[in-house]
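Only one chain is included here, represented as structure tokens and corresponding to the form predicted alone.
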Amino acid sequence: MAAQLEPLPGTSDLWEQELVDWVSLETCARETFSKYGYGELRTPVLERTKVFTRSLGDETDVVQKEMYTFEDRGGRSLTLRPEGTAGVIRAIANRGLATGEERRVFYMGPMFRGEKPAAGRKRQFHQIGVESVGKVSPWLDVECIAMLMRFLAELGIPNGRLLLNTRGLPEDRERVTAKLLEHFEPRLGELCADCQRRIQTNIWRILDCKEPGCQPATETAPRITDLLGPESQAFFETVCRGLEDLGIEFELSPRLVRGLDYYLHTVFEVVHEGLGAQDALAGGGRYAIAVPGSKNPIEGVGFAAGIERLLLARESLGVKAQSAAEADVYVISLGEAVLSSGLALAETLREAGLRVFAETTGRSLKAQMRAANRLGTRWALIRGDTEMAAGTVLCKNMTTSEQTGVPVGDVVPWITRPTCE
């Protein structure tokens, strides 16, 4: 029976004390991104399947292995979103984007992938991401990366390693693919089963395969940056120079290609040793996504960071948000006759902005004090027949155990005065 009450594998129940860290992280994201001119966008968790297959690529691992896809009663193929960018681009295209116009948005929420659950990797996971859509400039890529690094520093994660590479332009793909085929085909027997399939379907993905047996073949593969045309080379050089000018340290990572087909030009990841073997903390890059009814794809740059991974990284550094008590005040009512006035007092306290838990059962004083302790309240306000007759409330400081009788009309200013600790 207990197993039936547990959340599904790869999902979690999040209680308030855990959510203190989540809320602080989300607040930091809103504050940081707004400084760069980004506004929040919320898209549905459920989209038409083509929103993802068209943009992510039919041969990507996400589409092939990980999406939760089903047919609804109307015969439409629907998918729980496995990532945020495709839905954001659909929303922007739906509203319309004039030539040369830029739209900057950020999003946060749950994503879904049918992966094997592990630390920092769940089937329902949560992402914070940003997209700057409509304008094309290497300097936008620089600013986007700078914003990510500022966000991580504000979260208390200043020591992530920034990895950088480029995928060049679509016109570079044929030349790069040919060179990769030339390198990997003679080594087919050295590759894992997935990479043997990728050699025909998505050979670029072999470069970032994490299987140990594939490493010797990938380490000697041609560098993408050596195979690109002049325009792609110049774009990437500008990005590198811009990061250097801002004092942002990075490492060139020739095998970094990201897992989705929509990327072009700049790709990047931030990794952190506090995450263990699965060390990717955040990642993104420049992309171009085709949308129905438009001759040209929509181009943008952005990144996404897993909330669970950000929290693990912060935990590894000993960084946690300050936990708040579940209530500031516990109103203790001794006896059935006092319950009504206890609820009225609680309402008065709430109007003053306090978090209040009011007793509703008339339990013993000992039982109610135990409950106040469990909630971490600062004050226990006690009323019995004696206090009712005198028009007072016994105010007990739960930290010092000191208690004082206070007229009921003076309770709010008494417990909220600056001298009260």
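Each residue number is its position in the shown sequence, starting from 1. Just so it is clear, the structure is predicted and the values come from calculations on it, not from any experiment.
The next section is about a form of this same protein that is not shown, the form predicted in complex with a small molecule.
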| property | result |
| --- | --- |
| Non-hydrogen atom contact residue 250 with the small molecule in the predicted complex at 4.5 angstroms | no |
| Touches the small molecule in the predicted complex: residue 104 (any heavy atom, 4.5 Å) | no |
| 4.5 Å heavy atom contact, residue 141 and the small molecule in the predicted complex | no |
| The small molecule contact at residue 283 in the predicted complex, heavy atom, 4.5 Å | yes |
| Contact assignment for the small molecule in the predicted complex, among 328, 261, 83, 172, heavy atom within 4.5 Å | 83 |
| Contacting member of 314, 179, 205, 121, with respect to the small molecule in the predicted complex [4.5 Å, heavy atom] | 121 |
| Stretch in contact, per heavy atom within 4.5 angstroms of the small molecule in the predicted complex, of 160 to 168, 228 to 236, 261 to 269, 70 to 78 | 261 to 269 |
